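Encoded as structure tokens, the following chain is the form predicted alone, with no partner shown.
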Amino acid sequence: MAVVETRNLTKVFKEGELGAVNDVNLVTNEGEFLVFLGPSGSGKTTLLRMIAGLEHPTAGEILIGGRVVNDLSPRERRIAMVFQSYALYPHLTVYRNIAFPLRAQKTIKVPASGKSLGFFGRMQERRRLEKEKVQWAASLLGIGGLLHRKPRELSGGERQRVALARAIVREPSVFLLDEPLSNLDAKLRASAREELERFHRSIGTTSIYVTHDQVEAMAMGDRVVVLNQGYVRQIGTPKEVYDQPADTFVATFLGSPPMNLVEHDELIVGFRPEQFRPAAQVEGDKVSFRLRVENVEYLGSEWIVAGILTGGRMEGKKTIARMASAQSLELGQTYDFAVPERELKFFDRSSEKRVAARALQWQ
């Protein structure tokens, strides 16, 4: 395991254009599962590739285990990367795919006591040690029975596990994973996510994971780094970035449906759809609204209610509620809704950053 740190890390692909990554400072702790989350073009993959050594930074430093690695090759950084496509060799068996980095980089070393074995004896000993490592990695990921198959004979989930086994067999100090579940269907993604979580718990290696999927980020990350347009917008636990978003981008990027944002003078007022409920269901201090219901969707475990706020300064603002039941609501009718006062978030209208409510005396 190793600490991964970036200091003022920047990547500009073309002079005069906005950087793909801009002045990023972060620390990934030993054994942590850190997630880079953001939309397409946010810089998350470029940031990962710089840590891997596949892209050279325009400015700044990358440290792995306290050592500056800017000028080191990917192999010298002792990292292993799992790509979105898995990058398996189609003509090789699962065994040989997993063993490939051991053979290519000659990482299997015969102990000094093996010098007396002679050339062929040492070769046999390398193959024995290689077999032990491959079988260990395959067993850990539950693919011990697939070693003689080719990639085309595997399911998407099995290919993903082969890619992970090929990475772990090198015993790296850091794992880098670039959207490894994006090619799987929804059902398989859920089971593969569980396997990845179990895999990380079992090995405890420092891991950095890239995704645009907020469910993956919230479910898997010890901490989440939210990026947009090359900038870090917030770093925190999944609960922190969801409950206390640093700005309106984070507020609306996380959550499905996203946070409701309503402009009010110099303020933007935000509240989550699950906190926006019929007024009679909200206890304690609350802020009241009038909602004209425009659409109701039944999703099995919940209802999504979309409507328009009416009356006063809120007139005409689109708002969404997430409710356990909405059978009593009729389209076109207006109802009293409310939000617990403690659940309201406030953002400065010009900077779009979250601010303390009392400082601006919103009522």
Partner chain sequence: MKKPLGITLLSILLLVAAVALLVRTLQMHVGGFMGISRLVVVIAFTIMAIGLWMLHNSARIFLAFLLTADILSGLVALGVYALRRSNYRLSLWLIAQVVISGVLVWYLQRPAVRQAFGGYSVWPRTVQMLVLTIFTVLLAFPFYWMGVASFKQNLDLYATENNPFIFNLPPTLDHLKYLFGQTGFVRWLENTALVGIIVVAITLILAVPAAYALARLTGRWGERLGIGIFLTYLVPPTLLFIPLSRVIGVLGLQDTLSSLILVYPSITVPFSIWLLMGFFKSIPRELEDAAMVDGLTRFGAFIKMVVPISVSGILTVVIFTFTLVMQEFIYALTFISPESKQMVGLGIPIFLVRGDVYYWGALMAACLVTSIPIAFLYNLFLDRFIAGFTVGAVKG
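Small disclaimer: the values here were computed from a predicted structure and weren't measured. Positions refer to the first chain, counted from 1.
Just so it is clear, the following notes concern the form predicted in complex with the partner chain, a form of the same protein that is not shown.
Residues with any non-hydrogen atom within 4.5 angstroms of the partner chain in the model of the complex fall in just one of 320 to 328, 306 to 314, 46 to 54, 31 to 39: 46 to 54. In the model of the complex, none of the heavy atoms of Leu227 sits within 4.5 Å of a heavy atom of the partner chain. The closest heavy atom approach of Lys131 to the partner chain in the model of the complex falls outside 4.5 Å.
The partner chain in the model of the complex comes within 4.5 Å of a heavy atom belonging to Pro90. Of the heavy atoms in Trp136, none are within 4.5 Å of the partner chain in the model of the complex. A heavy atom within 4.5 Å of the partner chain in the model of the complex is found for one listed residue only; from Met81, Val282, Ile268, Ile235, this is Met81. For the residues Thr252, Ser191, Ser155, Ser85, the 4.5 Å heavy atom test against the partner chain in the model of the complex is passed only by Ser85. For the marked spot (Phe175, His200 and Ile203), a heavy atom within 4.5 Å of the partner chain in the model of the complex is absent from each of the three residues. If you take 61 to 77 and check each residue for a heavy atom within 4.5 Å of the partner chain in the model of the complex, you get Pro74, Arg75, in sequence order.
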